[in-house]
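In the block that follows, a single chain appears as structure tokens, in the form predicted alone.
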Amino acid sequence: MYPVPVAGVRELLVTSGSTMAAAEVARQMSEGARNLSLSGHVGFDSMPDQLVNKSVCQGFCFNILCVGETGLGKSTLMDTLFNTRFEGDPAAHNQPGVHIKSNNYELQESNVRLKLSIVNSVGFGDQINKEESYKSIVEFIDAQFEAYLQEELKIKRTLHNYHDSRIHVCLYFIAPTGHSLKSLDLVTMKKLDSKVNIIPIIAKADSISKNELQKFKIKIMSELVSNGVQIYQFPTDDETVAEINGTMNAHLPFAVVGSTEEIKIGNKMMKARQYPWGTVQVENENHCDFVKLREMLIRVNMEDLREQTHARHYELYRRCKLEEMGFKDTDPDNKPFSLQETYEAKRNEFLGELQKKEEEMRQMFVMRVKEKESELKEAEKELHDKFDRLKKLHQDEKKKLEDKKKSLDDEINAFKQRKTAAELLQSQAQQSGSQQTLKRDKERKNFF
């Protein structure tokens, strides 16, 4: 909790209520409504006060997105803008991409409470390849729109106490180079201009001379126009603020200096920056446009920024999302198309697509079954062919073995026959030899 002043929120409420009442009277007069004089006091002139009291009880929310390169003084400017020191952990700048860091605070001025969200793009412009630096910022803004849209689409909504995290304004910090906008700045602002109210500001404006600063402002605005970048223009349709807003539109982009250091100048303590050559007073309009930025951002146009966020940027996002979902307001004949009819048409279309997909899946299933059956049949045929080949091969081998066995048997029989003949010859030879021996022995005996 940080109870610090927020300039002019109550004046904003009164101005808003008066504007609504004046607009209603103008509408009735344009429609030819009769003006009746009342015989006594009725009390409906207290409607603006009732709206103010109800709004004060509920409190307000305001979300600021700070986009800019590292070292341009984004955190310091926020501290200076709301006259406080917002506590938070220091961000590391060694990450490979852009990191979105959001901090929520509760501020109070008099009896008006403000829920403030400060969103910082940590590491923006630190990478060598800056081609996708804007993507995380765009995704964060779309995520807040999507969260609000999902809450709106619920059957039981709680928008009266819903914490609105949609970004109401983007303060785009431009480096005080004095030459021209960088390609990164142009690409990022072009991607963001349809999603958020952009207010370009030249950071650390005390580092550039006054003549160069004026030329730099003109160069920035011409480049924004030539590249089709739509920045937030302070509204001039309300006559109560038309003059000051018209004047301030000519001062865009604001050249600002931020500082939380207070220095005694004369008899007053003022926020300033001390240099060897002099002092830059933050709230001195001759030194910078800080006061102009604070007046335009908080005191005069805070409610318009909130309204533009809801009526323009969020509605554009909502319309695109609903069209992507298939919802539309008119049929092909440009006749009104109710939500129920849209739902029924979408439902029938969905059922038709579902049935079509089911039929396609069925046909695919049948086709795959047939393919599988044909594959199985081919595999079965291959198995039968293989079996037949193996069977034939087995029979051939068996026949060969039988032939070989028969041949071996024939060889064995022939061998046996030869063996028998040899044994017979051997026995005959032995008998013949023994007979000759006996005959010689007999002859020898007879000789003697």
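Throughout, we count residues from 1 along the sequence that is shown. The structure presented is a predicted model; accordingly, all values stated were derived computationally and were not measured.
Not pictured, yet referred to below: the form predicted in complex with ligand GTP.
Exercise for the section: Have a look at Gly258, Pro235, Gly125, Pro253 for me and say which one sits with a heavy atom within 4.5 Å of ligand GTP in the predicted bound form. Expected result: When ligand GTP is considered in the predicted bound form, the option within 4.5 Å is Gly258.
Handout entry: Heavy atom within 4.5 Å of ligand GTP in the predicted bound form - residue from Gly326, Gly71, Gly97, Gly246
Key = Contact residue from the list: Gly71.
Problem - Within 4.5 Å of ligand GTP in the predicted bound form, all of Glu152, Arg318 and Thr342 (non-hydrogen atom) - result: Per the other structure, none of Glu152, Arg318 and Thr342 touch ligand GTP.
Practice task
Considering only heavy atoms, tell me if Arg294 and ligand GTP come within 4.5 Å of each other in the predicted bound form.
Solution key: No, Arg294 stays farther than 4.5 Å from ligand GTP in the predicted bound form.
Exercise for the section: Evaluate Lys195 for contact with ligand GTP in the predicted bound form, applying a 4.5 angstroms cut-off between non-hydrogen atoms, and reply yes or no. Expected result: Contact with ligand GTP, no.
Practice task
Using the partner position in the predicted bound form, report whether Ser117 sits within 4.5 Å of ligand GTP, counting heavy atoms only.
Solution key: Looking in the predicted bound form, residue contacts with ligand GTP do not include Ser117, since no heavy atom lies within 4.5 Å.
Exercise for the section: Check whether Glu109 has any heavy atom within 4.5 Å of a heavy atom of ligand GTP in the predicted bound form, and answer yes or no. Expected result: Glu109: no contact with ligand GTP in the predicted bound form.
Handout entry: Which of 199-207, 98-106, 357-365, 141-149 lines the interface with ligand GTP in the predicted bound form (heavy atom within 4.5 Å)
Key = Among the candidates, contact is made by 199-207.
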